[in-house]
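Shown below, as C-alpha cells, is a lone chain in the form predicted alone; questions about how it binds or moves come after it.
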C-alpha cells in the first residue's frame, strides 16, 4: 500500500479482536512513530506501551470518552513535558504510528485523556509530564453497525485559497 492510499483508506476503529499484536509489528509501528519530525529536533515525546489488561482497564477511567479502550490489546500513551512539550509533535508521532499500523492491517483510534490526575498514578508518570492522548492498537474487530461513516467535506467547502471567503 502506498502512503497516499494508507492515508485515505485509514479509518478509526473502536472494535478489536482479542488477539495480541505481534511484537515485530508493534516494534515496526513504534519505529514509525519515532521517525516523526520534532520541533527544533527536541524529541521530547515519549511512549508508554500498555498491554496488561488490568492497566488498560484503569486507563479507561482517565478520559471522559475512554470507557471502551480496554478492548484494544495495546494502548500507546504519548507523553510529553507539561512545560515546553509540543502537542503538535505528539500529533505527528500519532499520525505516523496510525498510518504505519494501517499498512500492516492493524486498526487504531486516537484517544484523549482528560484527567491527568488519574493517568499519572496508573502509568507512574512524573508530575512534570502529561499523557494527553493515546492510540489504541490491535486487529480490527467487526464494525459497529450503529456507527455510520461520515463523509468528508468536499475540498471547496474545506479549503479557502489566499483569503477566508464565505
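Here the rigid core means the biggest group of C-alpha atoms that line up within 1.5 Å when the two forms are laid on top of each other. Quantities reported herein were computed from a predicted structural model and do not represent experimental measurements. Numbering follows the first chain given and starts at 1.
There is also a form predicted in complex with a small molecule; it is not shown, and the following applies to it.
Proximity to the small molecule in the predicted complex, taken as a non-hydrogen atom within 4.5 angstroms, holds for one residue of 141, 37, 110, 53, which is 110.
Shown without its partner, this chain lists 60, 104, 133, 122 as candidates; in the predicted complex, only 133 has a non-hydrogen atom within 4.5 angstroms of the small molecule. Segments offered: 110-118, 43-51, 27-35, 123-131. Contacting the small molecule in the predicted complex at heavy atom distances within 4.5 Å is 110-118. At least one heavy atom of residue 150 is located within 4.5 Å of the small molecule in the predicted complex. A residue is said to contact a partner when one of its heavy atoms sits within 4.5 Å of a partner heavy atom; residue 22 fails this definition for the small molecule in the predicted complex, lying far away. Once the rigid core is overlaid between the shown form and the other one, residue 150 counts among the residues whose Cα shifts by 2 Å or more.
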